[in-house]
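There is one chain below, alone, in structure tokens, taken in the form predicted alone.
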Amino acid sequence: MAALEKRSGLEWQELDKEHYLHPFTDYKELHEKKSRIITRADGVYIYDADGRKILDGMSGLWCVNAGYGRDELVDAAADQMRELPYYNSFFQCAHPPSIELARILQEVTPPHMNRVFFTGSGSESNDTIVRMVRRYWDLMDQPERHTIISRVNAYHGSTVAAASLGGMKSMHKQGGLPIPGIVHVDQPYWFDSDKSVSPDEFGLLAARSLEDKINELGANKVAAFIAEPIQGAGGVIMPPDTYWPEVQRICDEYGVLLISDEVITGFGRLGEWFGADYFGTHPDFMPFAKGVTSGYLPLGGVMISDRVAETLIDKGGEFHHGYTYSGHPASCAVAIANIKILQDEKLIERVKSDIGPYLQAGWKKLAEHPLVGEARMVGLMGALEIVADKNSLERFEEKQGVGTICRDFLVDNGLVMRAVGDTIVTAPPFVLSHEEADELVAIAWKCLDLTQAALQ
């Protein structure tokens, strides 16, 4: 039996306006425009209250990797809720789903990572990182190693510590961020540079801004460096091939802990289990969330290297940190079932060898459009750079809001993609078919045409 009353789309919009404050939203603008009410979903499609079918080119919020309508995940949650809907992991307690998931995560993550700390989200995972990194150096009798280095335009969540780790100026303006002990260095965004050097040279320069900062602060003051393997909310920024090997060298040379933020890239988005696998890095921490349950229930966590975990265990005493819902049994049960789907259906292999290359080929053809300066994609994670001049790659003026114009055309024509400034990004579910990939590319081209016409 449905728990909700049946209401029209307009009724839902009015209730939403009166009672619901949305995340990352201009409330005045939303109240003038009204929300789009999503009522159901299946496969790679969502449906709104007016019955419109929309291809979800963003997997919800980078998370519905296994697609919508997965009865296996629903059943896993229901079965666990009937048996044990909740119990905490405090006070020396545990339950089978969290233990079993911890064991499974050890199998699919890099060999030097055998322990996990569970959270409820990516933001909570990165807050945990701040606490755990600093605790590690305290236990190593180096409490002065306190500063964490991140990157400009990075996104690591929206709680106070996670937003401080992120490098987005708009977030830092609200709430007096970043908190002390967090600094930022260059991002490896060649397309947004002056392009005076090759991508490979630029990758080395971007990585060496980390080394410069370490030397400026003093290596004995630097605790860790955190970065997304590919920057997601910043605009699907793919580092040049030279970047990550140089970052790994720098962290190794200066004894700086490396944090690979896998909240988006984890669980197959790049055609490997994790971004660290794709780029060949050896992180000390891997925060994750999103794809671990395909978004069906909230769950996050941090995979921790053996050298850090063993220090916390052998030298630690009580670690004064945790969450009510750490290792929630129903969320863990869903994650177990979700990982089984990824394995049994070989969805990560499919991203690497089948649907990934297929969509990439269509996506790259979009680079031929007069508005597109670059079309890039790894696995099922891509971006289009919209430009005013295809030859010079000059961008439109920010006030024109060209990316938003294109995004609105996309949704109106049955495709969800996201605008980050004038960069249009996509990250569809792994179950996307070839025909659905063709649909995605066709709608994208049509909406680029509509955007061009609107600008003229």
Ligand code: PXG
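This is a predicted model, so every value here is computed, not measured. Note that residue numbering begins at 1 and tracks the sequence as displayed.
Another form exists, predicted together with the named molecule; not displayed. Remarks below refer to it.
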Study note, to complete from the structure: In contact with the named molecule in the predicted bound form (heavy atoms, 4.5 Å), from 278 to 286, 67 to 75, 226 to 234, 100 to 108, is stretch 226 to 234
**Study point:** Contact assignment for the named molecule in the predicted bound form, among 382, 167, 188, 157, heavy atom within 4.5 Å
**Key:** 157
Revision key, fill the gap. Assert contact residue (the named molecule, in the predicted bound form, non-hydrogen atom within 4.5 Å, options 360, 89, 123, 242) equals 123
Review point. Heavy atoms within 4.5 Å of the named molecule in the predicted bound form: does residue 290 have any?
Key: yes
Point to revise | residue 407, heavy atom within 4.5 angstroms of the named molecule in the predicted bound form | key: no
Exercise for review: With heavy atoms only and a cut-off of 4.5 Å, decide whether residue 62 touches the named molecule in the predicted bound form.
Suggested key: yes
Practice item. Spell out, yes or no, whether the shortest heavy atom distance between residue 418 and the named molecule in the predicted bound form is within 4.5 Å. Key: yes
Review point. Are there residues in 260 to 284 with a heavy atom within 4.5 Å of the named molecule in the predicted bound form, and which are they, in order?
Key: 261, 263, 264
